[in-house]
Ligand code: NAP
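In the block that follows, a single chain appears as structure tokens, in the form predicted on its own.
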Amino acid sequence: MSDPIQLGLVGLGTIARNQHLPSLEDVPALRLAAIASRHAGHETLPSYHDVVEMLAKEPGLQAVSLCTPPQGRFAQAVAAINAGKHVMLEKPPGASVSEVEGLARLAREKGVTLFATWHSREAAAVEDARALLAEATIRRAKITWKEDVRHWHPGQEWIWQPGGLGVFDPGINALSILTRILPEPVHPVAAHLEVPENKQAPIAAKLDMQTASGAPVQAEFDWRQTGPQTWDILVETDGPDILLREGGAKLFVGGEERISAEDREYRRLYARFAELIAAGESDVDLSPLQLVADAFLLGAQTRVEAFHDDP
């Protein structure tokens, strides 16, 4: 067996502690060797202020995983790629489509792997839904993605700033699943964004799309839902309806539950990253990010009441 790939993790916030750290412990092909974070340090690993310092002081690193906010991530990725490191990007992969395309070009030039991840595509039922829909005729589809921003992003101002995506930060998870399971591409035709009067990104959005063959696809995203959270994708076909619930963890076919499984999304992502490195390949699918960018281009905006972390 070959030695594990030495990996540095950039960013040590909630998502890193809850998902990245425990997942890396379960992927033997990778070994977490160092941390870079401006605001926190790891209890047992070498910790540095930023990726540049980490790269300078840990020359043995072979790969870098970036789980920082998308704004500013381009410079971090460029530094890692120029240092000859393989790079994994947390979703969304960047603050714009064009900057991630630039990273993909640079990675090809440097001969390293770039992996733009979409963790919701690794939910337990997504691939089964994709297989069921592969030969189906799509009649219509509907996304309902509603959650409580105060629970999931308390005090995180970056999500309300340009490049932070607002409600599309969770909404892009639904779009990543949609673009994976449908047998044909979709494109937006209209959008409506509700933006708090004291913020720069939407707290709610409605997105009307069409498949290439003209089937309607509607999406409704809202960050104001309290109580039970809703992460559903319903696809009506010429056969049984396909329903993904709980972000792709559960699959219902014609109303009958087929799959219900635990969350192993990030473990699958890191295993895939190791596979891509071993194969000398990259995986940079920007279709979910492109849909969000199109929503901002097409979106009519309505100003709604100000949002504050303390209701």
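On a predicted model such as this, the values are computed, not experimentally measured, just so you know. All residue numbers refer to positions in the sequence shown, first residue = 1.
One more form of this protein should be noted, the form predicted in complex with the ligand, which is absent from this view; the next part is about it.
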query	finding
One residue of Ala261, Ala40, Leu45, Ala56 in contact with the ligand, assessed in the predicted complex (non-hydrogen atom, 4.5 angstroms)	Ala40
Contact assignment for the ligand in the predicted complex, among Val51, Ala34, Ile242, Cys67, heavy atom within 4.5 Å	Cys67
Whether Lys146, Glu194 and Glu220 all lie within 4.5 angstroms of the ligand in the predicted complex by heavy atom	no
Which of 131-139, 156-164, 195-203, 176-184 sits within 4.5 Å of the ligand in the predicted complex, heavy atom basis	156-164
The ligand contact at Tyr266 in the predicted complex, heavy atom, 4.5 Å	yes
Contact of Gly11 with the ligand in the predicted complex (heavy atom, 4.5 Å)	yes
Arg73 within 4.5 Å of the ligand in the predicted complex, heavy atoms	yes
Proximity of Glu122 to the ligand in the predicted complex, heavy atoms at 4.5 Å	no
Members of 90-109 lying within 4.5 angstroms of the ligand, judged by heavy atom, in the predicted complex	Glu90, Lys91, Pro92
